[in-house]
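The chain below stands alone and is given in structure tokens; this is the form predicted on its own.
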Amino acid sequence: MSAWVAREHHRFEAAGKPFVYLVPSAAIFALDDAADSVLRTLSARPYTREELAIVLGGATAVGRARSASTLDADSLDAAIAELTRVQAIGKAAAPVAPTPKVIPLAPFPLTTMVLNVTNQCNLSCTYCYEYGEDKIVDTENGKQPKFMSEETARESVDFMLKESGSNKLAHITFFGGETLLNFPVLRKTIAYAKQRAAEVGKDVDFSLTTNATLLKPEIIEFLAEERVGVTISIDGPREVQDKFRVFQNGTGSYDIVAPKIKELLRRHRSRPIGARVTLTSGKMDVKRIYQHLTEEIGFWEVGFAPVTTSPNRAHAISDGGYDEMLSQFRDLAYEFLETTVAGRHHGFSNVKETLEELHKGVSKAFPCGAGLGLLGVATDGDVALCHRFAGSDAHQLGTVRDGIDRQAQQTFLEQHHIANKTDCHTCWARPLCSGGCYHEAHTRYGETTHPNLHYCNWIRGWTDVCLRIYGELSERNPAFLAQFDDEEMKELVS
């Protein structure tokens, strides 16, 4: 008689209950005692129905007594049927279907265009991927202009609206360098995009990333009136910020940006404004950074990311550093949990973003939308995988004048599908990771196709933390998770 076997899954506990994350489907289920017993038993090795009955007490064997806590036959069969239905278990003799290598059909609608309006910056951050030792493009002596022209910006808007297909909403994110160095073109581009979008029956959402050094009253007023989403690159309190985020003469930037950010937060209230923190080697204090940026500066949310750099740089995070970062993320994540259960806002955006993906059952064939629904535009109008590759000939996918090179895009998607990343095939966290950031891989390993093996344990650990937070919220504040259903419905309707 054929045996049953556990399929690929990750078991975790939350709110005093067992849960399971099913890897192929990215589904999350709470387990009752019977299902948990069956799944845990089958995780050790295959068992037949009769063997399960003996091991779990569903039937008595010669010389064995049934304990009061064991399963009866009906409970065992019900658990097997339910676990089979959700594909948590299956017959050992049945082959497991390989993950299909599905490549999105071209033309895939463009949802977000990142417009690099300049490749210049007024800061000289030591760890910067764009201007440091790990840079891909020569922004000082290369072929691209240092500032995007109005003409190229208008062509980029037309490109965006055309490539957005049937989508009624297009997203334009302004980026740099330091974005506000080219504020005149940014301002005119927004006006042009609103006009052109109205002519074709669409809406455009605008956002930008800035280091905040150039914020002044008239710029703040403009951003507020136009409801432009703003993300500020800032690393924390003065001594943290001024370690790496310095001007070219070595002067720290904290005292310059702090009052400007506070004024932006005071005036610009139409959209939440977030901070993006880059974590580096050395002593980390994630909770202190978070508290400073939210409580003392006033940010609505804060997101953290480890520095992208070659492993031999002094600021690169070591294996032990990733362990320390995970520990500190875990502490802040559980603070997020208790605050959310109490019905209050907590701005640790790394948790919320992962919870949303878990709730929606995201299972990625590609780690992000780069080269697919998201593209970056260099200052000369060349179109690249994303903003981090803007201006790189090796990662070009067309131009705003000639459109997307569909053959280059198709080749990229074929080469970067998770089915090609054999190191990822047995990892239970692959539905959310899919090998990790292309730019990180290029910087670490020299090729975008390489999975980011240096932070696999970190990704698995962080995903486990977020699964536990998800399980707790499903029991203690399910209304918080329900908001993601509402957001998904809005996307479908829009």
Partner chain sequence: MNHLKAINKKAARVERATLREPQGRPEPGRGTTEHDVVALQRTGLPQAPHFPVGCSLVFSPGWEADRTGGTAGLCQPVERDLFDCHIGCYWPAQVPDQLNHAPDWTAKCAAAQKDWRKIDLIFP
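Residue numbers count along the first chain shown, from 1. Fair warning: this is a prediction, and the values are worked out from it, not measured in the lab.
There is also a form predicted together with its partner chain; it is not shown, and the following applies to it.
Novice: Tell me, yes or no, whether K216 is in contact with its partner chain in the model of the complex, where a contact means a heavy atom of each within 4.5 Å.
Specialist: It does not: once its partner chain is placed as it appears in the model of the complex, K216 has no heavy atom within 4.5 Å of it.
Novice: Within 4.5 Å, heavy atoms only: does G361 come near its partner chain in the model of the complex?
Specialist: Although its partner chain is absent here, G361 would touch it in the model of the complex, with heavy atoms inside 4.5 Å.
Novice: Would you classify R85 as touching its partner chain in the model of the complex, given a 4.5 Å non-hydrogen atom cut-off?
Specialist: Contact with its partner chain, yes.
Novice: Is A78 part of the interface with its partner chain in the model of the complex - any heavy atom within 4.5 Å?
Specialist: So A78 counts as contacting its partner chain.
Novice: Could you spot which one of L31, A429, C437, L52 gets a heavy atom to within 4.5 Å of its partner chain in the model of the complex?
Specialist: Contact residue from the list: L31.
Novice: Which pick from K101, K91, K168, K283 sits with a heavy atom within 4.5 Å of its partner chain in the model of the complex?
Specialist: None of the other options qualify; the answer is K91.
Novice: Choose from 441-449, 456-464, 421-429, 23-31 the stretch whose residues reach within 4.5 Å of its partner chain in the model of the complex, heavy atoms counted.
Specialist: Partner-contacting stretch among the options: 23-31.
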